[in-house]
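Read the single chain below, which is given as structure tokens and is the form predicted on its own.
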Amino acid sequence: MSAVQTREHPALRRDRLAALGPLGKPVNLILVGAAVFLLIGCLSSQIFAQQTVVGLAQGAVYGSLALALVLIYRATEVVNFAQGEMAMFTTYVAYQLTTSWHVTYWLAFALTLLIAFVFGMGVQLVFIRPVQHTSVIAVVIVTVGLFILIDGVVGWVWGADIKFMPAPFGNTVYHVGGVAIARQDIGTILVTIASVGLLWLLFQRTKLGLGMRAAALRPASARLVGVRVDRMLALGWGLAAVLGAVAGLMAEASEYSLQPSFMQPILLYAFAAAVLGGLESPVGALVGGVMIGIFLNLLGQYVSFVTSEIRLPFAFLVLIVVLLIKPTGLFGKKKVRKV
């Protein structure tokens, strides 16, 4: 007798996965498996736990900037290549406030976020809006031009030498069960969580957030119901600049130094995180940032030839693998276009 092969009907497969609950989805299985692996590793090794905490702090920075990229991509379907330089510029603004004008750090932090919001809106109004309805390549060229322009302006105003800002969290190190945890890492994680949480509340619990989501996802339909799409898009750019400013300030606090190029590698990590999570998924951007931050730290600790100089190529290796296996990212969905 010959064996008869049967193929499971797609509807039956969906029902079976639904019966398994949230764990039936492959992405959730991957995340649960990664969480179990990290938990076991942290309980087994103090070094593993310490590197995981450091990676979590770095991943929070990557995730914050990746979320800024996702906000703009959802509105324009274009990656803002100037996002890192915009974050760098606002970090220099904070430097000016704290060192030259002697403003306390956290007051300068709040003022910088306000300036970043106005700056982001201004960029959208002056540079992006005139070309946003022409072609995608035109917007890309404008963002690349902004990258060069901001880099040049910062170098002209503040110079290219390394500068230093006050440490916002101090240099205290806590020891928990033999694991050394810097207050800087804890502060970075908490500030990022607070920023993202406030943004989530804005988008999910306010009419303004609803209008911004509608303008980004369905601009034509949003106009029909009275949403001022251009204004919402400008607000979106402003909020993306705020997230970038948070990422820049936390990155500077982690690196203890400031120079015009310090956000460029972080932008590349953030881009890899956004692609890993899905360029249209805010949750994916955050998860992707955390995954890359932890992965690279553990890789640098346990794989001898992975030095700080080649961590970036490894991040892009992850990006290429994701694009080959799942081009939409972990949380992305396939688009269906009706013709």
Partner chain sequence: MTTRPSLAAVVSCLVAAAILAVLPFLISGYHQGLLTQVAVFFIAILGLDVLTGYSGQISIGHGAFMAVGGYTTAVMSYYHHTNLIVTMLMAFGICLAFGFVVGLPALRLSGVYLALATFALAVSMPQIPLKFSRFLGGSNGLQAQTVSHLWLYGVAWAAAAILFVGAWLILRGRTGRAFRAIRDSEVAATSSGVELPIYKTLAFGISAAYAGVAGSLFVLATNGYASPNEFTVALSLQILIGAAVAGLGSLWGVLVGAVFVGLLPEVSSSVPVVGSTHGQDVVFGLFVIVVILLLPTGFAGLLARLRVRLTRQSMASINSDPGTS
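Everything quoted here is computed from the prediction, not taken from an experiment. Positions refer to the first chain, counted from 1.
Form predicted together with the partner chain: not shown, discussed below.
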query: Proximity of Thr104 to the partner chain in the model of the complex, heavy atoms at 4.5 Å; finding: no
query: Partner contact for Phe117 in the model of the complex: the partner chain, 4.5 angstroms, heavy atom; finding: no
query: Contact test in the model of the complex: Leu319 vs the partner chain, heavy atoms, 4.5 Å; finding: yes
query: Close approach of Val153 to the partner chain in the model of the complex, 4.5 Å, heavy atom; finding: yes
query: Partner-contacting position among Leu149, Ala194, Val176, Leu217 - heavy atom within 4.5 Å of the partner chain in the model of the complex; finding: Leu149
query: Proximity to the partner chain in the model of the complex, single hit among Leu198, Ala110, Leu208, Ala138 (heavy atom within 4.5 Å); finding: Ala138
query: Non-hydrogen atom within 4.5 Å of the partner chain in the model of the complex for each of Pro130, Gly145 and Thr307; finding: yes
query: Interface segment, criterion being heavy atoms within 4.5 Å of the partner chain in the model of the complex, picked from 186-194, 230-238, 130-138, 199-207; finding: 130-138
query: Those residues of 260-296 which, in the model of the complex, come within 4.5 Å of the partner chain by heavy atom; finding: Leu267, Leu268, Phe271, Val275, Leu279
